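Below sits a lone chain in structure tokens, taken as the form predicted on its own.
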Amino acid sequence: MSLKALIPADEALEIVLKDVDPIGSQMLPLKQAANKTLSHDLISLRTQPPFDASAMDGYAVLQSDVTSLPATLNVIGESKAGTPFNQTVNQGEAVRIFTGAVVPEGADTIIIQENTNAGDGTVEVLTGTPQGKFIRKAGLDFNIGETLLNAGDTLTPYRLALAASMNHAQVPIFKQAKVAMISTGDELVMPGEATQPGQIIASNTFGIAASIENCGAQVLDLGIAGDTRDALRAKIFEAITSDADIIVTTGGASVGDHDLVLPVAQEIGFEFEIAKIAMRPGKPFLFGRFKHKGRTVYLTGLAGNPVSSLVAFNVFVKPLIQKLSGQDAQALQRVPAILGCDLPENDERAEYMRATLRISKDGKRIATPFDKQDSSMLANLVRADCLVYRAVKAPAAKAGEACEVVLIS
């Protein structure tokens, strides 16, 4: 495919994700595994509960002793959580028991303490309990050998607690992708630095870094490369030798005289499949692969305009990070809405328009795009509640007609 071709966004995403496999797995202590993704199924190493346990504070008795009430029984001991009563309960006897404690042999009923009067070495049972009620049978939750968590599961707090209950001190986790970030351009300076005429603040450095971290990946910020081949080549080599899985560049992704990412990366050996997307914002987008010591390094070149780079990141780079990290690659999800204003016919590029969102009295989403959609306007992106999606060559639309939106925070 020619790099001059304007590739539809859906087709481009398929190219990006083609033949991408997780980068490997590692064993991590459970305390370090929160929100990570399992690389293998987890089988329980124990039964839970491992014994018949009381669900309430009260007395462990024989059901035959409490069929006729009130009944007075001899209290022969107690069973606490972690300290079981190791004798058998016989006719006319009771054992004081606490929540989570082992139900002693012979007992088949728990009488809750509210239904008793305690005496000196005895207990008077006032109200009975059905046999087996308030007893958690061994294996009620799960049994040894059961597969309870699966490869691909994210270890949410609930799943993390379950893994601990299964007695796993360590768990197999997909390795996090390492993403090297390179900003390009002589015009860039960091926030807080003095700007000279023609210079701007490097906002992409922070927006893209945070986006990478939100994907659960490691960020390797290699700073700003000036507009020379040598400066950019040095940064790309640094990323490769630092074992980056993905290199994300911002700026220099178009075809101007100072857009050096494509030619410099090609000189190094990257093979590119995408150079521009039929999408607005985000038309300049580079995607290439490079084999280094038996592994694949991916390069994604984003536009310098901040809105273009952030939207393209979410459309293409985020799913790539997810797939490398063993997660399901998730394309941007579009949901139905109603237009709040008229829109003209769209051109040959699919468009994601920044828009406000309100809910009508009948519960419908009303999306109203901003008048100005320039890809340099970050404040509009922050004010936006959603992105109105318009397909290639979408016809003119009137307020009140159906549309699709991508919800954003």
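Residue numbers here begin at 1 and follow the sequence given. A quick note: this is a predicted structure, and the numbers were derived from the prediction, not measured.
There is another form of this protein, the form predicted together with adenosine monophosphate, and it is not shown here; the text below is about that form.
What is the one choice in Gly326, Gly288, Pro306, Gly128 with a heavy atom within 4.5 Å of adenosine monophosphate in the predicted bound form?
Contact residue from the list: Pro306.
Exactly one of Ile240, Ala202, Ala265, Leu220 has a non-hydrogen atom within 4.5 Å of adenosine monophosphate in the predicted bound form; which residue is it?
Of the listed residues, the single hit is Ala202.
Select, from the options 143-151, 310-318, 193-201, 231-239, the stretch whose residues sit within 4.5 angstroms of adenosine monophosphate in the predicted bound form by heavy atom distance.
Of the stretches listed, the one contacting the partner is 193-201.
Please tell me whether any heavy atom belonging to Glu187 falls inside 4.5 Å of a heavy atom of adenosine monophosphate, as the geometry stands in the predicted bound form.
Glu187: yes, in contact with adenosine monophosphate in the predicted bound form.
Tell me, yes or no, whether Asp259 is in contact with adenosine monophosphate in the predicted bound form, where a contact means a heavy atom of each within 4.5 Å.
Yes, contact at 4.5 Å.
Heavy atom to heavy atom, is Gly251 within 4.5 Å of adenosine monophosphate in the predicted bound form?
Gly251: yes, in contact with adenosine monophosphate in the predicted bound form.
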